[in-house]
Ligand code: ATP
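Shown next as structure tokens: one chain only, the form predicted alone.
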């Protein structure tokens, strides 16, 4: 492959405001340029800047090798096995610096599986080769801070303007190299409102089985990106369309989920919309809450089945949660740091109605209370629980201690699962005085 000429797109065409570029990313590039290397902003950050979106992170690509990059920065380390990168740290912020990769068609020693998946990729090349090695045209744009120009080897700028998503090269080969690219196609289509070409859609449907070979932990990371992309409802609808739901979420019924997503009054649809709203507002979203909403229906159904067999409520909820999470782990494993809070959120749905005595105060101090309370609000909105319960808890959080005590005492025993009645105190035993001899 002869070196192609990049289309050089200037600021009056791409419209990127240099002031929106992260100062630490700029500092990294300037350090590499001063050391005599080439260096550019690359990938999703360039794409988002062109679309007037705030990039989540900034990546840098250079012709310097990892061993040449790391000594230039005081806080840096080389990471990665499949492809080595350098992380340059500025406080909590990390700028990822990658060396240009060689074109896959130009090297013979890429280590791959029998299915074509690349498992070792430490072969370096030139910037144009690196552009052609990327997955989608919209992610293969380079930004040169020296003259504020965008370099485009693959037509990514035109695709952004026409709102189309194209794979670089042969889609089947690229998906076999890395099957997770199929999920990325869905995420970009939903998040950026891009059209998928018919041939691309058909290829994804035909090769969807390749995801079964991916690690459960990596799939979890990709699912989080899908749900936190700012277009969760549309993303899940596309997952239904491509048949990925039961593959990634075994406890869910794909047909029922598709119907649920069309019903904006459902708990899951409301939870996904709330997630999108929080992301637009720049607020944090915990994966535990998202997965709790996503898997709630199978948990609730199993809980009801166990109750019908006269299993005690708390035991039934624990068993239902355990069974659903075990089924989920067969495909996409939810780490303990999220699965434990999920189970707390579910179990507390049984405890929140029981407010008598000191229970309400104990629940309020529980570290998962806020998440469980938010989940209760969703359940009240869809008719699973009495809205009066949510109103009570909302007020209970707002009043002072004296009024809170009065609210608990006003509860009618028998309807809340507890009583505010005080226990009778026993009189202390008195010692008998020693009688004189």
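Everything quoted here is computed from the prediction, not taken from an experiment. Positions refer to the first chain, counted from 1.
From this point on, the text means the form predicted together with the ligand, which you will not see here.
Chemist: The ligand isn't shown here, but in the model of the complex which of 343, 176, 166, 191 has a heavy atom within 4.5 Å of it?
Modeler: In short, 191.
Chemist: Here the chain is shown alone; which of 218, 205, 256, 354 has a heavy atom within 4.5 Å of the ligand in the model of the complex?
Modeler: The option sitting close enough to the partner is 218.
Chemist: Which one, 128-136, 195-203, 288-296, 152-160, holds residues whose non-hydrogen atoms are within 4.5 Å of the ligand in the model of the complex?
Modeler: So the stretch in question is 128-136.
Chemist: For residue 319, is any heavy atom within 4.5 Å of the ligand in the model of the complex, or not?
Modeler: Result no; residue 319 lies far from the ligand in the model of the complex.
Chemist: May I ask you to state whether residue 409 is within 4.5 Å of the ligand in the model of the complex, using heavy atom distances?
Modeler: Close contact is absent here: in the model of the complex, residue 409 is far from the ligand, nothing within 4.5 Å, heavy atoms only.
Chemist: Would residue 59 sit within 4.5 Å of the ligand in the model of the complex, counting heavy atoms only?
Modeler: So residue 59 counts as contacting the ligand.
Chemist: Whether residue 48 contacts the ligand in the model of the complex should be assessed with a 4.5 Å heavy atom distance threshold; does it?
Modeler: Result yes; residue 48 sits at the interface with the ligand in the model of the complex.
Chemist: Just to make sure I understand: among 175-189, which residues lie within 4.5 Å of the ligand in the model of the complex, judging by heavy atoms?
Modeler: The stretch touches the partner through 178, 181, 184, 187, 188.
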